[in-house]
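There is one chain below, alone, in structure tokens, taken in the form predicted alone.
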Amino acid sequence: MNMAIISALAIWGLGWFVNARLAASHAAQNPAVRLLVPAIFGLTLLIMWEMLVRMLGISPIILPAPSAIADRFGNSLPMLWADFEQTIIKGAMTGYIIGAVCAFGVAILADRSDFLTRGILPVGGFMAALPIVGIAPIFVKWLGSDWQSKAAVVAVMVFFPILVNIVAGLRDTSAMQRDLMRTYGAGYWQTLFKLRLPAAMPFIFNGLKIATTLALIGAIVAEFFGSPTVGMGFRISTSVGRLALDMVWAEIVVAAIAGSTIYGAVAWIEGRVTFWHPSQRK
């Protein structure tokens, strides 16, 4: 046991030393080096994990080794793809798009009505605080156990964070800027599209990025309360019951890759749309 801990600490120390040297070098801002540092960090964790599981004899029922998870991942690609399609593409992404579009429309209406703004934002804070385990069973009862109920849960979860950020962004322009647009004879819609929406873009993308995480969590957790025999939440719950922890971890890997990819795509679009903002300047 002591040998396993010493070996793991040695691997950790080596990885720390290499990363510290790379981060302090003149090439630290090189894109390849910036990718290499987190890659070395992740690889160090995986090697430590593998060593500790094997050298300490930890049961795969408690914690499978990364090699066992990779083996299960490679042998279950058709099943993992079917789960990904059901949960991420149909449930999470459909609900994400519906929630974002609805939030944008309601934000425009709220922007034109002080009464609606004062009424909907407190309700939004209340709804955002509702636990998913409370609303998911209701939507499953209403819409059935297929992906439509999961999309509805996701739409509700992402709606209010996006709405609050859009409303805050539309208020970000100064009175002087709005007065200048009125001086030029611009109406509400011209001011909206030429001044206020561009100024609100950092807020809008902040809401969209927050919602990517909520969408994945909502779709997966909602499947625990009713799902056909496919889906990431269904697979995780049934695999835990069969003590197939390697399959659970394989689904977690899929969820992590999907979440990182979606978040990265939104961040990439943000960089192209808000290139003028100080946060995007290199």
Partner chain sequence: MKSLVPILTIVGAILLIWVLAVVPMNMHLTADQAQRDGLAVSPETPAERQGYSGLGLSIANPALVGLTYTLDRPRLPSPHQVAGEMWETIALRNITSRQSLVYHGWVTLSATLLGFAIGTTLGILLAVGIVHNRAMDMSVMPWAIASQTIPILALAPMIIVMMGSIGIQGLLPKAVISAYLSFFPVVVGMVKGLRSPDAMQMDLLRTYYASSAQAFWKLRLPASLPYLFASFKIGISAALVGAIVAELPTGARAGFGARMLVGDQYGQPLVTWAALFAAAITAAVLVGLFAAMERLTLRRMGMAQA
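Positions refer to the first chain, counted from 1. Source: prediction; values computed, not measured. Here, rigid core means the biggest group of C-alpha atoms that superpose within 1.5 Å across both forms.
We do not show the form predicted together with its partner chain, though everything after this point is about it.
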Each of A168, W189 and W268 within 4.5 Å of its partner chain in the predicted complex, by any heavy atom, yes or no?
no
In contact with its partner chain in the predicted complex (heavy atoms, 4.5 Å), from 147 to 155, 95 to 103, 133 to 141, 77 to 85, is stretch 133 to 141
Is it the case that I217, even though its partner is missing from this view, gets within 4.5 Å of its partner chain in the predicted complex, heavy atoms only?
yes
Contact flag, P38 vs its partner chain in the predicted complex, heavy atom cut 4.5 Å
yes
Contact of I61 with its partner chain in the predicted complex (heavy atom, 4.5 Å):
yes
Taking heavy atoms only, is M176 within 4.5 angstroms of its partner chain in the predicted complex?
no
Name the single residue among M51, A68, V230, V221 that comes within 4.5 Å of its partner chain in the predicted complex, judging by heavy atoms.
V221
Name the residue from M201, V164, I120, I108 that puts a heavy atom within 4.5 Å of its partner chain in the predicted complex.
I120
Within 73 to 88, the residues having any heavy atom within 4.5 Å of its partner chain in the predicted complex are none
Core-aligned C-alpha movement of W16 between this form and the one not shown, 2 Å or more
yes
Once everything's superposed on the core, is P78 shifted 2 Å or more at the Cα between this form and the one not shown?
no
Does the C-alpha of G187 move 2 Å or more between this form and the one not shown once the rigid core is lined up?
no
